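The data below hold one chain only, encoded as C-alpha cells and taken in the form predicted on its own.
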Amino acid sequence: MSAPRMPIESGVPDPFQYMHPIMARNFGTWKHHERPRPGVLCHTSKNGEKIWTVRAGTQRQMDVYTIRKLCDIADQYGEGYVRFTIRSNIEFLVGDQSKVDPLIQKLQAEGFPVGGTGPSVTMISHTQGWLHCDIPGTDASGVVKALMDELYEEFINERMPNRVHITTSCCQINCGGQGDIAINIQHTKPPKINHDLVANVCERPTVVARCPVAAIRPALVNGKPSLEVDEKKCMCCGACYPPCPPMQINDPVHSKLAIWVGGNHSNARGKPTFHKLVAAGIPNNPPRWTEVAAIVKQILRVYKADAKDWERLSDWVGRIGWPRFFELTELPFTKFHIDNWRGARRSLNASTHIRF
C-alpha cells in the first residue's frame, strides 16, 4: 500500500483545531439557539451544553495593533477563542455566561460596538479600494466608515423587519457588490488613452479580448501601435484599465456612485435574486459621502416602516412592486432604470451555471 499523500498548501484547513472545545464536542448536535440581546447568540446542544457568541463590529482592513488588542480582550475577558464572520465582524466564543457582560463592556469601552445579529443592519462588507486594487474609482472602506457612523444605531439594535446586508464596491466589474443594498462606483465616460504609452505597456490583443462589448480595436496613432475605442459601443465598465493602465477610466468628475437594491444570495425562502439599479449619478464626495448616506437612510426608513416581519428587502420590493418602491422612497425614476440592452438575455442564458 502506498504512503498517503502529504498535504499541500491548498484546500480547506481543518476547522476543529481552531474551534472552542464546546463547539467541537457538539458539532452537528445543536438543539436550538437564541439571541439574549443584540450581538449575542446562545447555542444549546442536545446534551444541554451551552456556548455564547459575542459579535463585535470591526473594520475589515485592520492594523496589527487593533488585532493584538482584540486578541488581548479575548484572552483576558473571554476564553481565547475568536473567529471572523464573512462580513468582517469578530466573534468571541465563551462557555461561561458570567463572562458575557464583562466582555461586552470591555469591547464597548474600547470602541467596538456589539450587534449585527438578527433583524439589524449588519456591518457593511466592502472591497479592497485604494489599498490593494488596481482599478478603484473610489475608496470602498471610506464609504463604509462614513455610512456605519450614520447607521450605528441600526447595528446595535434589532429593529429591522429582517437582516439587511449592505455592500460597497469601488468598481462594477471585479467586485460589484450583491446585497440588499449595494453601493458601487459607476464610470460614465469612456477611457482616455495615452497613445504614447500603449505600445510599451499594453499587450494589445489581451486588451481587445478583455472588452465585453467589442468596443476596442487596434489602431495606429502618430505612427505608433495603439488602441481606439468605439464610444457608441463602450459601456464604461473599466475592464480595459487593469491590463492597460494608459486607458485611464477613473475621472474625478464623471466617476459617480450608484445604489442597487434587492440582491439576495440565499435560497432559504425564495430563489436568489439580482439587485436592480435605483439611484445613479450620485456624487463621489469624500470624506463623508453625504448624498449616498441620505439615500441609503431613506430606503431603510421606508423599508422598516412598510415591510412585514421577516421580509428581506427583495421580498418586500417583490410584494409591493417597483412602481410603489419608487413612490415610497421618493427616488426619481428615469429612462436609465429600464434594462433595454438587447444582448442581456442572450448572454445570461449562454451560461451553464445560471438559468432563469
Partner chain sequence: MSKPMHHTPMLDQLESGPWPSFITGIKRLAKDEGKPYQDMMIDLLGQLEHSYETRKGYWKGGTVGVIGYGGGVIPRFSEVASKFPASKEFHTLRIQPPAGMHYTTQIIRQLCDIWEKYGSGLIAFHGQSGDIMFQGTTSENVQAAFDAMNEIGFDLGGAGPAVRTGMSCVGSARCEHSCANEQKIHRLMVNNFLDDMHRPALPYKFKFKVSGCPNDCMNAIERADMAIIGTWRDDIKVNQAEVQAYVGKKGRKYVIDNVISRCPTHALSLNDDSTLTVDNRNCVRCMHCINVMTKALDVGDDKGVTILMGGKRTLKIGDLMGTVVIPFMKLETQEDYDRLKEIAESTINFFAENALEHERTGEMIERIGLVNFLEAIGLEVDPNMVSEPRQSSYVRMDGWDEEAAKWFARKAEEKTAKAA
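Not measured: the values here are computed from a predicted model. Residue numbers count along the first chain shown, from 1.
Below, we turn to the form predicted in complex with the partner chain, even though it does not appear here.
With the partner omitted here, the residue from Ser120, Gln186, Ser226, Ser141 that has a non-hydrogen atom within 4.5 angstroms of the partner chain in the predicted complex is Ser141. Every member of the trio Asp149, Ala209 and Arg288 reaches the partner chain in the predicted complex with some non-hydrogen atom inside 4.5 Å.
In the predicted complex, at least one heavy atom of Arg60 sits within 4.5 Å of the partner chain. Taking non-hydrogen atoms only, Pro332 never approaches the partner chain to within 4.5 angstroms in the predicted complex. Contact check for Tyr18: a non-hydrogen atom falls within 4.5 Å of the partner chain in the predicted complex. In the predicted complex, the partner chain lies farther than 4.5 Å from every heavy atom of Ala215. Residues of 61-87 placing a heavy atom within 4.5 Å of the partner chain in the predicted complex, in sequence order: Gln61, Met62, Asp63, Val64, Tyr65, Thr66, Ile67, Arg68, Cys71, Asp72, Ala74, Asp75, Gly80, Tyr81, Val82, Arg83, Phe84, Thr85, Ile86.
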